[in-house]
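Take a look at this one chain, the form predicted alone, written out in structure tokens.
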């Protein structure tokens, strides 16, 4: 039996993943912005709520299915976009897409993915959503939209919470960008770390080092190698987005459009007025700032302000199925998680990714039954205190 098969929680998969990763990679995955306080705030916010079960309800069989944009998914959660996921496990984008397809849940491909959108759309044509960052060059942004549309992607996730490239204290200390990987200058001081994690190091070296950023290869100068493509991406991927940019994206994309990264109720209202079909309340998994409130607190505030008719998604700090239920009770129409499935795919490839989904799904069914709910629609604010 593989180690991932013995995992009984996402925390077990996290330990396995960090055991496999060199410290400079694992610290980056865990650290987020600044001192990492954003990640801790997201996780800790869930602990403020406790369930208030209802009794004597017929809860069998539990049905975790949820409809989003007219498509019925098997569960209340999906896999969120994680940039440069291939640094944690080679072909992580492809493996996560396959796992999502088989589980019938949505998978959001990062705009900074190793795999190009065309590849992922072939693997999971009915489950792939595409995350868009606004590039420095408008024609690149428009081409990315066209590629997603031509690949058959139905849902666009326009991410707007990075007016500047994010700062990572971990990356600053090591001098290593996860996009560009170790260099000849930085590798010597990492040699011991790499040797102590032979599985990751062997995979990295066996595959020729840094994987290409397939999502950006087309735009880099012809003949660019993986490091040159990554350098081009670092220089060109980010551009301050404004409400005028949102208007342009809305005109260019005719399908469902999600605006991700808003936490203020007034911004959410304005995005919906501008044509957003849904808004994801998110602080980018704690990667935006270390001094923001927990994302769950933002969700509760936004839902109270915008009312029940606005479609809200949630992304931030989910580690257990109980977290998904709490987010639903506080107003989320669907939940997304990034690190939980990254832990799984890092620890055990496709098998690990599927194990992460299985753990969350099994726990979701159990917890829903135990609080007296048989369907997702049955989960209400009355099921949690305070």
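Positions refer to the first chain, counted from 1. Quantities reported herein were computed from a predicted structural model and do not represent experimental measurements.
The same protein has a further form, the form predicted in complex with a small molecule, not shown here; the description that follows concerns it.
Asks: Given that the small molecule is not shown alongside this chain, does residue 285 nevertheless sit within 4.5 Å of it in the predicted complex, heavy atom to heavy atom?
Replies: Output for residue 285 is yes: heavy atoms within 4.5 Å of the small molecule.
Asks: Residue-level contact is defined here as any heavy atom of the residue lying within 4.5 Å of the small molecule in the predicted complex; does residue 215 satisfy this criterion?
Replies: Result no; residue 215 lies far from the small molecule in the predicted complex.
Asks: Answer yes if any heavy atom of residue 105 is within 4.5 Å of a heavy atom of the small molecule in the predicted complex; otherwise answer no.
Replies: Flag for residue 105 set to no.
Asks: Is residue 260 close enough to the small molecule in the predicted complex to count, meaning some heavy atom within 4.5 Å?
Replies: Close contact exists here: in the predicted complex, residue 260 approaches the small molecule to within 4.5 Å, heavy atoms only.
Asks: Just to confirm, with a 4.5 Å cut-off on non-hydrogen atoms, which of 298, 131, 168, 141 contacts the small molecule in the predicted complex?
Replies: Exactly one listed residue reaches within 4.5 Å, namely 131.
Asks: Could you work out which of 45, 330, 29, 68 is the residue within 4.5 angstroms of the small molecule in the predicted complex, going by heavy atoms?
Replies: Selected option: 29.
Asks: Heavy atoms within 4.5 Å of the small molecule in the predicted complex: which stretch among 199-207, 117-125, 220-228, 285-293?
Replies: Selected range: 285-293.
Asks: Identify whether the small molecule in the predicted complex is within 4.5 Å of every residue in the set 83, 88 and 159, based on non-hydrogen atoms.
Replies: Yes, the whole trio is in contact, each within 4.5 Å by some heavy atom.
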